[in-house]
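The chain below stands alone and is given in structure tokens; this is the form predicted alone.
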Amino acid sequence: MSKIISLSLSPNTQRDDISLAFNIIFSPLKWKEGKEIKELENTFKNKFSFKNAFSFNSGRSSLIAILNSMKISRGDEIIVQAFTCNAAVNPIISVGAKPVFVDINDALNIDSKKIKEKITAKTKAVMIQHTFGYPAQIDEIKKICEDNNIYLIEDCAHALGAKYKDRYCGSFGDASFFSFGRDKVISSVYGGMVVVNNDKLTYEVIAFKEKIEQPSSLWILQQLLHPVLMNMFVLPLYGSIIGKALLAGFLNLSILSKAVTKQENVGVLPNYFPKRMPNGLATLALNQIKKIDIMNGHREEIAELYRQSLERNDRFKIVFKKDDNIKPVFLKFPVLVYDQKRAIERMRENNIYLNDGWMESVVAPPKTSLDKVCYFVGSCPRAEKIVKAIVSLPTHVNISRYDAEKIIKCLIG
């Protein structure tokens, strides 16, 4: 059986991560509390020159902490972009506020020119997403927020290590949040971080973190099992029906957690958000953050290989343009194709799995009920067009140059 190439099945996990997770499983006294939580926060803060860093069990919990600090509640509006994930929208709904969607530009980020027309007396913040690690139009959007006396939130879930004008993404907004989800820049299966740049909000984030609880031991165990079971059992067999059946079984029996639950597809957050960052997952994140420069360097190298191989082929459109002001991290390398469905099928025939859920629907995953997350079909036509043409190519640390060349060959056909 040939090697499985995947975009989102535990992409960052290496041998040391698997061994670490295995060892933590047998140290349950270190699952919830421990020194690694503070060590992760300090390492994160110092590594990226942030003013502070507050850990949570997910990007969702991190965003809820920010919304709470800004006193955002029922009746308020938050401007967000189309072409996003329901994990970025549901926290807004959970506090009673309404997400207001704005269309995207050619770089898959919120179109700054379309923000003003969506601002009302109820608008409390604009949330910009640095899609797949490519920084948004920060200067323009920050000025719009300042002129209208509204908060700027940076969604840096895809962008840990990305820079705009030589400053790290996350240092521009009033507050920013990061995700350490299973397919993010660094992965601890679940995990997140808040950075606060507006001093008035700092105490509120600290107070919120102190009043919420740790997730349950069962939930922590689910996450610790993920790198072990995925790499020892699922991925080696995923090219056959056995591997897919194993993954389905682990998920259906709640041995492993789902990245997005059925509840979230209809606008409802599970009860394990918001929670604190447990020590066991902080330990996994610490191990990953020590490798981030190597991993992001690898992503850049693979992305450049894709670019050089595809940019002169008129059957494909390269999404991310080179810009001296922008240093992306290339969480993924998106291209636009004429026949998305056929491209995905051709890849699957060669054991390459590229359907990451960011296709078909302007709010991922495709099973999201758009009306439940306040999206109105036809309101963001560019995003609706993009999701029918986009194919994202993997850049993660487990993609070798040989793998990338195989992907290119299959894509070109």
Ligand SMILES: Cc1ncc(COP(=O)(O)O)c(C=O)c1O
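A residue's number is simply how far along the shown sequence it sits, counting from 1. As the structure is a prediction and not an experimental result, all values here were calculated from the model.
Below, we refer to the form predicted in complex with the named molecule, which is not included among the displayed structures.
- Shown alone, this chain has one stretch from 308-316, 161-169, 94-102, 175-183 that lies within 4.5 Å of the named molecule in the model of the complex by heavy atoms: 175-183.
- This chain appears without its partner; in the model of the complex, the one residue of 277, 285, 195, 157 with a heavy atom within 4.5 Å of the named molecule is 157.
- This chain lacks the partner; the member of 112, 296, 129, 222 within 4.5 angstroms of the named molecule in the model of the complex by a non-hydrogen atom is 129.
- Shown alone here, residue 191 lies within 4.5 Å of the named molecule in the model of the complex, counting heavy atoms only.
- Using a 4.5 angstroms threshold between heavy atoms, residue 87 counts as touching the named molecule in the model of the complex.
- A residue is said to contact a partner when one of its heavy atoms sits within 4.5 Å of a partner heavy atom; residue 358 meets this definition for the named molecule in the model of the complex.
- Using a 4.5 Å cutoff between non-hydrogen atoms, residue 55 does not count as a contact of the named molecule in the model of the complex.
- Residues of 57-82 that come within 4.5 Å of the named molecule in the model of the complex, judged by any heavy atom, are 58, 59, 60 in sequence order.
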